[in-house]
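The chain below stands alone, shown as C-alpha cells; this is the form predicted on its own.
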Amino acid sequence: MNYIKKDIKKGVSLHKINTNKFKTNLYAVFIATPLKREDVTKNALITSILRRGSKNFPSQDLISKKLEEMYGASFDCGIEKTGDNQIIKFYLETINEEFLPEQEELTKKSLDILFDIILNPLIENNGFKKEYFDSEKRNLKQIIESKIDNKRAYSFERCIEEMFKNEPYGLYKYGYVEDLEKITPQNLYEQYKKLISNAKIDIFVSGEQKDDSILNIIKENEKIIKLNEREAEYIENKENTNKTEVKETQVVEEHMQVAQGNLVLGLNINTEIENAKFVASLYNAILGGGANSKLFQNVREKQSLAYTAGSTYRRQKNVIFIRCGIEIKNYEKALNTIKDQLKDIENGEFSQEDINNSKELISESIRSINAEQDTEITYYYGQELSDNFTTIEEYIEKINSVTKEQIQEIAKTISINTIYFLRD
C-alpha cells in the first residue's frame, strides 16, 4: 500500500502517498472544524485573507515571486463542506526534486511557504490587515450573493438547506451576508486563533519521496513546533448512523424568472445494514448514475420530460439527491415518472446487466482516483474523516460483492424527504 499515516502531535497528522507516476509533488493541508452558523462565514473569510499574504510574504506578489523561483510552483486554497464539517484546504504543487537540474531542498521550501501562509498570518492592530480584510469581505459578499446566478446549483443548495434545516449540513459553506456585516479584523483574528488551536489538521504529501526525511522536515518546522496538541474538534462521518424515518414529504416551491424548472428530490436511506454505503452507491448508479440509468433512460430519453436527469449519493450523510432540469408544465408528470423509477427498483425491476454496468461504472471511477494527485489526496482524506477506513482496492471489492437482493433491500428503506421545485 502506497499510503502511510503518521502522527506529528495530537490532532495533527502527516499522510504520505508514495507514487512515482508524476513529475510533481503535491502538498496539501486540510483544517477540519464542525459546521456552525456562528463560525461558517468567518472561516470562509479567513481562507481568502490568508492567501493574500503572511508575515514573511506580506503580499500576493511576493508569494507569486517566491513560487516562480521554485520552478513555477503553484498555490491554491478553498473551502468545502464534508459531512457536518467545514474544511479549509491549501495546496502547493512543485516539480519533483528528482527532475531538478541540481540538488536543492525544494520540499523544505515548499512546506516552509505553505506553513507560513497558513500559520504565520499578517497581523496589524490585533487583527488581520485591514486592506486585505475589506477587499476579501467584499469578494466573499459577491460570492454569496452570486449563488443565485447558477439556477441548477442554487436549486441543489436550496434542497439541502430545506432538507437539513436547523442542522449543520444545511449551512452554506461560504456563509451568510447578514453575518458578514458583524465581522471585524479583530474578531476574525480571534476566530482564526481558536480555529488553529482546536481544529483537526491533516498534512498530505503526494509524490516520490526517497526516505522519511519529510516527517523530520515537518516536525522541525518552527510553525508546526508552536502548534499545540489538541482534542481535535471535528465530526467523524460514521457509517449507518443516519437512519431517519420520514413521516411526511415536505414540498418547497420557489418562484423566480426562469425559463426552465429545476426539480430536486432529497431521499433518506433509512437503513443500518452492513456496508450500506456500497449498496447505496450501486442503487444510486442504477437510479441515476449515468446514461444507462433509469432516470436518464425513462425521464429524459423515453418520455422527454427533462433536459437533464440524474442522481447523486452523499455517503457522509447517507442521502441521495435526484436532480432534473424540466419544462415547468411537465412538473407533475416528471415527478410521477421519478417515483415510478424508485418503485421499480424496490420491486426488483432491474437486470443483472444493470448491476454489472453500474459496478463497472463505479469501479472505473474508483480506479481513476490515483490518476490525479489531488483526487487521490481527496479520497484518502475522506477516509480519514470516516470511522471505517477503506483502501481503493477494498472499495472495488466491496462494490463488486453487492447483490441484487441487497439493492432491493435498501430500495425498500428509501423515502422522499424533500421535493424542491424552482419555477417561474
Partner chain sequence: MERIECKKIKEEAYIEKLENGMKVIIIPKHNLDKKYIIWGTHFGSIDNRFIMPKTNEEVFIPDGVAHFLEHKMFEQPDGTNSLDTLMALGLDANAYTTNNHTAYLFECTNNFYKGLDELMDYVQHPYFTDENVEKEKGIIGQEIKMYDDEPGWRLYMNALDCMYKDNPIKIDIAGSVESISKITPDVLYKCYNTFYNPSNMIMVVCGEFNPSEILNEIKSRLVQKEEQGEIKRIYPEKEKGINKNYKEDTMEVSFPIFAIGYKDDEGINRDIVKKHIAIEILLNMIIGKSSEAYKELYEAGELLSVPDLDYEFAEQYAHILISGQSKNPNKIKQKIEEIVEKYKQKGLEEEHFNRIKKKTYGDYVVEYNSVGNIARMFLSDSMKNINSFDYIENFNEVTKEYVEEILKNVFKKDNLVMSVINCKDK
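Definition used throughout: the rigid core is the maximal C-alpha set that superposes within 1.5 Å between two forms. Numbering follows the first chain given and starts at 1. Since we're looking at a predicted model, the values are computed, not measured.
One more form of this protein exists, namely the form predicted together with the partner chain; it is left out here, but the text below deals with it.
Undergrad: Would you point out which of 337-345, 228-236, 292-300, 273-281 contains residues with a non-hydrogen atom within 4.5 Å of the partner chain in the model of the complex?
TA: Result for this chain: 292-300.
Undergrad: Heavy atom within 4.5 Å of the partner chain in the model of the complex: which of 29, 361, 377, 44 fits that? Just give me the one.
TA: Looking at the other structure, the residue within range turns out to be 361.
Undergrad: Looking at 95, 224, 195, 252 here, can you tell me which has any non-hydrogen atom within 4.5 angstroms of the partner chain in the model of the complex?
TA: Answer to the contact question: 95.
Undergrad: Please run the contact check for residue 326 against the partner chain in the model of the complex: heavy atoms, 4.5 angstroms, yes or no?
TA: Heavy-atom contact with the partner chain at 4.5 Å: present for residue 326.
Undergrad: Whether residue 146 contacts the partner chain in the model of the complex should be assessed with a 4.5 Å heavy atom distance threshold; does it?
TA: Residue 146: yes, in contact with the partner chain in the model of the complex.
Undergrad: Can you tell me if residue 304 lies within 4.5 angstroms of the partner chain in the model of the complex, counting non-hydrogen atoms only?
TA: So residue 304 counts as contacting the partner chain.
Undergrad: Could you confirm whether residue 122 comes within 4.5 Å of the partner chain in the model of the complex, counting heavy atoms only?
TA: Output for residue 122 is no: heavy atoms all beyond 4.5 Å of the partner chain.
Undergrad: So which bits of 62-90 sit within 4.5 Å of the partner chain in the model of the complex, heavy atoms only?
TA: The stretch touches the partner through 64, 65, 68, 69, 71, 72, 75.
Undergrad: If you line up the core, does residue 70 shift 2 angstroms or more at its C-alpha between this form and the one not shown?
TA: The answer is yes, as the C-alpha of residue 70 shifts between this form and the one not shown by 2 Å or more after core alignment.
Undergrad: When the rigid core is used for the superposition, does residue 106 move between this form and the one not shown (threshold: C-alpha shift of 2 Å or more)?
TA: Yes, the C-alpha position differs by at least 2 Å between this form and the one not shown.
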